[in-house]
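One chain comes next, on its own, written out as structure tokens in the form predicted alone.
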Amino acid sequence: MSEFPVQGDADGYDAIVVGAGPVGLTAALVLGRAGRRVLVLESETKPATQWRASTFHPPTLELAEDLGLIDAMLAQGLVAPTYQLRDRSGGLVAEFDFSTLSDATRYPYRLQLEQYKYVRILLEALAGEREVDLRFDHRVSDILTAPDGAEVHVETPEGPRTFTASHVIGADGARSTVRQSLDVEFEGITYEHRYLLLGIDAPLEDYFPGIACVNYLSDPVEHMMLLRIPDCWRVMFEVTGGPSDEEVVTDRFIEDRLQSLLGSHPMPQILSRQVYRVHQRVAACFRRGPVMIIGDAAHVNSPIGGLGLNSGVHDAYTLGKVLTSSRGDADLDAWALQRRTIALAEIQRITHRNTQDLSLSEGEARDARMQELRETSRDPQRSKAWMLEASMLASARQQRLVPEALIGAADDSVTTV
């Protein structure tokens, strides 16, 4: 790894990570475990506690095992062995069983674990890393690059400061200051619809016998997601048309939506509510000189399928490994190209397809697609191929994401999907 000529400045680091979310902290842990001196800068005053992403796929759990996090995650999470695609008016369309992947991974399931709990687990692990310096209430204002490093200008409670590092990693979300400082275009689309995401205290498994922990409900007017997490159920409604974001989170709007789902069942306690817009965007490049972007700073996508957080963690892990074993710029260029290719060819493609499947208009095309998915779930070979892709195992194996020792008795089909 090249070193920035800090001329004795004690604030020089091997890497500066901008953003102390799940992606940035994963990168910091990989680098810290390798003995690199790392500074993590977070603009917020404390770790985020919002209920955001909550699904961890098999290859991400394999990475967690390599990092020594898996026991804590399993202890706090909920194992989801299946997921279902349902027609909102017609019932079950297809059920996909992760046990078909038991010869491909030690973790043939989705783990439902709130993002903030994963952050808490990472923070506990990082507390033992003496080379990792984590600072909250530090907002990055600008980044200046040189051939062998970068200067990071930061607003701190004590006033402006400048830190230097060999590399800078932008993990600061979709509105990334790091990406904007590099003037990198964020290419893609914004969907017309929004999502209302609720946390509710209700026994949906009793109200709807046979539902899985993860359920996607197709509907031409208002598709939905029902997702069990350890503490409650999360319910996501598609929102189209005129109501403002402020109206969408009111009690009246929420109760109308829940009534359409629950019918005569009692109105539940609302534990959380948020509305957000949905994007499919990928940065024009993931690396510019000594600066790399990962996670939502590099790519955002529809939440249908639970791939966003996982792909960001994969970015962080692989970048950390490259930075600690790199032979030069060529390895970083290869990493950036590979991760961007996966974001476009895999993550964006799958999540856009999943979103379209849930919102097809009534008619022959919708009927044909639902029938195709039924047949896929009932055919062992097609179902396994679908699950390898949906679980992210196919792309992970193509990238050789984790040590072979963690893969288990994977068969050749894993790399041919």
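A residue's number is simply how far along the shown sequence it sits, counting from 1. Note that the coordinates shown come from a computational prediction; the quantities given were computed from them, not determined experimentally.
Another form, the form predicted together with a small molecule, is not on view; read the next lines as being about it.
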query	finding
Non-hydrogen atom within 4.5 Å of the small molecule in the predicted bound form for each of G21, G24 and Y276	yes
Which of 245-253, 199-207, 139-147, 86-94 lines the interface with the small molecule in the predicted bound form (heavy atom within 4.5 Å)	139-147
Single option in M370, L358, A53, L69 placed near the small molecule in the predicted bound form, where near means a heavy atom within 4.5 Å	A53
Contacting member of S166, Q112, Q280, T177, with respect to the small molecule in the predicted bound form [4.5 Å, heavy atom]	T177
The small molecule contact at E44 in the predicted bound form, heavy atom, 4.5 Å	yes
In the predicted bound form, G295 touching the small molecule (heavy atom, 4.5 Å)	yes
4.5 Å heavy atom contact, G173 to the small molecule in the predicted bound form	yes
Proximity of G308 to the small molecule in the predicted bound form, heavy atoms at 4.5 Å	yes
